[in-house]
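Take a look at this one chain, the form predicted on its own, written out in structure tokens.
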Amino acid sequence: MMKIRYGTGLLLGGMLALSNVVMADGDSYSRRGKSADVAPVNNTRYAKECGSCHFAYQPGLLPARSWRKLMGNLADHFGDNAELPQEDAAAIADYLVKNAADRSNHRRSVKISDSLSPGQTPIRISQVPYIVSKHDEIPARLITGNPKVKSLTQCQACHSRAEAGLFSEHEINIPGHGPWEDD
């Protein structure tokens, strides 16, 4: 009788553990381990050089192939010349590629990577299917029509902890609108 209870307990415990894996696997991040959002920027050279002109996007927001493409054409960086001394460009490219979405265990980075087809190389975070899908219910008037936001690329406008790599939908505060309530 004791063996039956012990065996039943093990079976139930195993089923619970398996159900947690299956639920997490629905989000597809369990295969690389759980972690929250994307890794924050921890490279002072990148933060200084790139963050002086725009939000210092975390490397985990794009795959390595996208960062290689971006860093390979700094002479035409979205219409601007963003060329850097060779040593700085190489060090920043190395940092971005090594910490890219397809090399990260962070939850949203994994989702970003998983949303891309193998040949897809977005050079803008606003071209990443996962990021587009996370914002598709928000009316354009609150993003592109909002002078304090203007674009999906302005992460920090609505995500108050974007610099820390935190993009929870429960912490969104759209300028001129307030918190975003997902239906």
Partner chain sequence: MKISVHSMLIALLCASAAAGADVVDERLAAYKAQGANGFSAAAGEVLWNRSFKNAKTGESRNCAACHTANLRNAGKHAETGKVIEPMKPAVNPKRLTDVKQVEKWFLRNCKWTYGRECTPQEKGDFLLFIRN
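Residue numbers count along the first chain shown, from 1. These figures come from a predicted structure and were not determined experimentally.
Absent from the display: the form predicted in complex with its partner chain. The rest refers to it.
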| query | finding |
| --- | --- |
| Segment that reaches its partner chain in the predicted bound form - one of 133-141, 115-123, 47-55, 62-70, heavy atoms within 4.5 Å | 47-55 |
| Exercise: Asn146 in contact with its partner chain in the predicted bound form, heavy atom 4.5 Å | no |
| Asp94 within 4.5 Å of its partner chain in the predicted bound form, heavy atoms | no |
| Gln154, heavy atom within 4.5 angstroms of its partner chain in the predicted bound form | yes |
| Within 4.5 Å of its partner chain in the predicted bound form: residues from 82-100 (heavy atom criterion) | Ala82, Glu83, Leu84, Pro85, Glu87, Asp88 |
